[in-house]
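In the structure tokens that follow, a single protein chain appears in two forms: structure 1, then structure 2.
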Structure 1
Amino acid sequence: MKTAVTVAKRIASAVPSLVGVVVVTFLLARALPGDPAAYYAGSSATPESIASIRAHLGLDRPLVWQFVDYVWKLAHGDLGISVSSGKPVLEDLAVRLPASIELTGMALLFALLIGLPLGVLAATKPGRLVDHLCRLVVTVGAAFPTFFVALMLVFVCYYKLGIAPEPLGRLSEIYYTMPPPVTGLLSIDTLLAGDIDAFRGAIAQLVLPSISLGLFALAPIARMTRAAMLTALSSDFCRTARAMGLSSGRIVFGYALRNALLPIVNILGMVFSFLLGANVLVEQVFAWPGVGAYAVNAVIASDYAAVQGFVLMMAILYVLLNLAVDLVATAIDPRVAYDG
């Protein structure tokens, strides 16, 4: 019962964030330099045509009504039309989102698979080689720009060693056939289509971008795991467990790690902020057909509706991910339910 209330409270607490996000994206579009109506009317516009476009866009009405109009359209899934592609922004984003989700998911998986064991080992052997390795990874991860790491990886693994496929997109359509889209995630769709070769091809394309993006997320995860494990291992209950003669494996994984999980899960919120932002840079390097690359082109082309749609979608995604992080924290640690 207590937990149900806590969960409901957490879900409700995401609502103000969502409202704030919608207001800010609306205001960002209104902060445009110059007159949007003149922009849409083009270079050969007359004052009359600008005025008619302004009326058509509703820009002659009070700001509050424009906001109501914006929310109304949003509620109906209308994010406007992209000037560069001529298609609805929502459609453009929906086509590209799975590529970004697949990349971000793989990067997170990579970061967790390396970061967690690294942090645990560093905390159990402080001052030893693995601890220094952990510190090195954390320092490097915080100082190397994602895009530079991505380029170096491409140069070494593709150009020099030839062990990675050409860094152009998700699947080379010269060698493989695209699977029929089911989930949009190529690593799953190829399996559903029973095409093992294409599955290998899709995974091979994913490796370098995921590592470049994941390295960036690895640093905070490893640092937090190490710190939380050090705290847990030096606590009274671990001392007692040790005094009772429990095996070190039991103490580390059964006691310390379970208690250290809460700060680790909590830092995932920050990690998602990194990942969703750095996604844009990695997609740019690997010609990845995701929402980030789409947004970069939109910003360069002054395609405001597309940029606004992208920012809004990423923010909503981020708010929901943060909510998920909170709910997971509540699930793994009963103390959270009482604090909330």
Structure 2
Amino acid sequence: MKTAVTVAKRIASAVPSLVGVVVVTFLLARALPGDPAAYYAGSSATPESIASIRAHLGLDRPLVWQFVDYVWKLAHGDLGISVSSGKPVLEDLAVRLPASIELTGMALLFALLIGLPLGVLAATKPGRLVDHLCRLVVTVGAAFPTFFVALMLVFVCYYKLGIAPEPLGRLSEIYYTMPPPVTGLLSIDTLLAGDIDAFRGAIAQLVLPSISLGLFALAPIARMTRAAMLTALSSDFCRTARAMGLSSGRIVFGYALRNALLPIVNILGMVFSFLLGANVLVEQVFAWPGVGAYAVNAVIASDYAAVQGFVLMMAILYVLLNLAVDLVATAIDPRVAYDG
């Protein structure tokens, strides 16, 4: 019951934000340079054909009526037709979103596997070599842009050493057979299809872009883990546990880490939502067919419907991620729901 009330309150508090996102995305999309009607008509189009296409797209109507029409279609699940692909925007996003989620999820997993143990070790041995290593990794991870790291990894691992596959998307159809789409995540769909070779190929294509994106996420995770663990280890209950003669492993993992999970989970939600938007440049470098590359092409083409659909989808995902973080935080510490 309490969980249902928490979910209802969180969704209700997100409604004004979503309304603001709808208004802002509509106005920002109209502020894009260029004329989508001229782009759709082609370079050899006449002024009459451009005007006809503009009328067909509804771009000749007053801005207020365009917004009313946009909201009406949005209420019926219609995000419009992309002038770039000629397909419904919702269909384009549904096809590309799993690729971005798979890349972002693998990048976050990479950052967690390194950042979490590194932050815990740094907190248990402050001022020692592992602590200095943690600070170095955090500094380096936050200093280099994701696209620079991506280009360097491609240059070194693919061009120079030849240990990485060619950065041309999620899975080469020349060497592998694409599995039937079940979840949209190739690392899972290939396993469901029983194609181990295709699974290895999909994972191999994920390695470099995941590292490129994950290095940036590693910094805040390691930093927050170290700070939260230092606070927990210096608390009264940990000092009492030491005085009672409990082992250091039980104190660190049974008491300190459990109490440090709340701020770590909060930062994970922020990092994941940020990575979904930050993977735009990484997708461009690795020709990854995700929503980030789709958004870049939409902006270049002044594709109003595609830009609006992308921003609206990202806003909804951000709200859902925050809701998931709230529920996980409540499960970790019930006092969070009580205090809220």
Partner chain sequence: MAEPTAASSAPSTVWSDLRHVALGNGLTVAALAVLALIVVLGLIGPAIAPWDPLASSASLTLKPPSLPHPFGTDALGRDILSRVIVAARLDLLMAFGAVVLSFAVGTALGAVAGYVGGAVDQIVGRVMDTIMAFPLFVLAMGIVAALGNSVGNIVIATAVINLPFYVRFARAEVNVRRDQTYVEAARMGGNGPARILIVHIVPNILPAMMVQASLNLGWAILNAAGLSFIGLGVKPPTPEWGIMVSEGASYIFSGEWWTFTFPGLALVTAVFCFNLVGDGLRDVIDPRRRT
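Given the structure is predicted, the values throughout are model-derived calculations rather than measurements. Definition used throughout: the rigid core is the maximal C-alpha set that superposes within 1.5 Å between two forms. Counting starts at 1 with the first residue of structure 1 and goes up one by one along its sequence.
- The form predicted on its own appears here as structure 2; structure 1 is the other form of the chain.
- Relative to the superposed rigid core, L18 undergoes a CA displacement of at least 2 Å between structure 1 and structure 2.
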